[in-house]
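One chain is shown next in structure tokens, namely the form predicted alone.
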């Protein structure tokens, strides 16, 4: 310690003053930085709040207009045109033959004219036998992004070589404007008019694949259901559960809507025989056994199998129904949570509108809930899907064998009653394995449910072959023990 020359009072060294000054400056800097960070976070939170800006204009049905107000979401929407390889569809293939002629006629751009998705029936000829005589035996391909949903439908041989109803456009085009135009402002009336028209006539009126307006209210940006088939389907489903006069746009929660907007198209459906009205077979429930019972009750089948002569149902793409039977749905995880996961773009948090394979970014999708490493998650999904494919192959092999056996029995003059019973079992075996094949998750949405479906398909194929050998329907009925177990299951509702 030093002393002053007068009075002997101690005097602090200069370095102490500099130290105190530096400390004060540091504290000031830290406090300022903290306050600045808090302010920036508040601004970020404010900017990240969904922008509720009405979209109006002459081209309100065109997503490009919405993109002027919601550019980040629009960038994702445009990215649906980008092909993203998956484990089960890893490449595009050249457009050839009749497809080339139609794309030339419609004047698609060069990329569209030269590439399309891989063919499933070329990779798996069993499907040709499964759907023998039906349009799907001509062409069935892997799906591409939503940007291609209208183009790819116009290019499929199912449309080029067969006359199809306008009903097909309900899920392959933006329909809000179509319904209003055809129904003079009445959506339900326009829906009926479109279903009754031919595909070739309706497709000339369609200008876009799915657009923002198909899922969002242009004034409030809230999710909404615009497809009458889902409105009617959910009303019938809820009525079967004792909920009368259900209106999805009035009664559904926000979280439910994050799956319902997808259920407008990713579902099992059929066209009524007379008016070709798009209908979801949910009056008994969503479970496949309930759907199959519904079809049997109304006496509906889609076509006659050309190989066996059986009246057969054709499954579509029951992604919503299968997801509904899985663990994710049971825990409130919606379609959008996985296929439109939230992402950071600058200081904003938005839903990814590319609607891609969740495995493309496991950390942003599965990682929100699951703490396992990305590789562990990827391995688990691959294991589920590989086991599904093995089970599906067994069921499909058995069903194709039954179809060929029925044809052989007919040629050999086997009793008509045996043939008819075998054809009845073929309908179930074919519909159930088709249901599994047409669902797009390769068993992932509900692995145990898919295992049940494929087991039932196998069982029906087995019974069909036994019927050809002379066993009666009564002899092929489930055992008393199996019936008792089923009764307990039905009573508890845990199907």
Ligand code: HEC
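Numbering follows the first chain given and starts at 1. Not measured: the values here are computed from a predicted model.
The following text describes the form predicted together with the named molecule, which does not appear among the structures shown.
> Are all three residues 84, 153 and 280 in contact with the named molecule in the predicted complex, where contact means a non-hydrogen atom within 4.5 Å?
Checking in the predicted complex: 84, 153 and 280 are all within 4.5 Å of the named molecule.
> Between 340, 288, 202, 130, only one gets a heavy atom within 4.5 angstroms of the named molecule in the predicted complex; which residue is that?
The residue in contact is 340.
> What is the one choice in 313, 234, 333, 121 with a heavy atom within 4.5 Å of the named molecule in the predicted complex?
For this set of options, the contacting one is 333.
> Could you tell me which of 292-300, 235-243, 71-79, 185-193 sits within 4.5 Å of the named molecule in the predicted complex, going by non-hydrogen atoms?
Contact criterion met by 71-79 only.
> Decide whether residue 369 counts as a contact residue for the named molecule in the predicted complex under a heavy atom distance cut-off of 4.5 Å.
Yes, residue 369 lies within 4.5 Å of the named molecule in the predicted complex.
> Does the 4.5 Å heavy atom contact test between residue 405 and the named molecule in the predicted complex come out positive?
Looking in the predicted complex, residue contacts with the named molecule do not include residue 405, since no heavy atom lies within 4.5 Å.
> Residue-level contact is defined here as any heavy atom of the residue lying within 4.5 Å of the named molecule in the predicted complex; does residue 96 satisfy this criterion?
Output for residue 96 is no: heavy atoms all beyond 4.5 Å of the named molecule.
> Quick one: is residue 328 in contact with the named molecule in the predicted complex, heavy atoms, 4.5 Å cut-off?
Close contact exists here: in the predicted complex, residue 328 approaches the named molecule to within 4.5 Å, heavy atoms only.
> Hey, which residues along 441-466 are within 4.5 angstroms of the named molecule in the predicted complex, non-hydrogen atoms only?
Read in sequence order, the residues that approach the named molecule (within 4.5 Å, in the predicted complex) are 441, 444, 445, 447.
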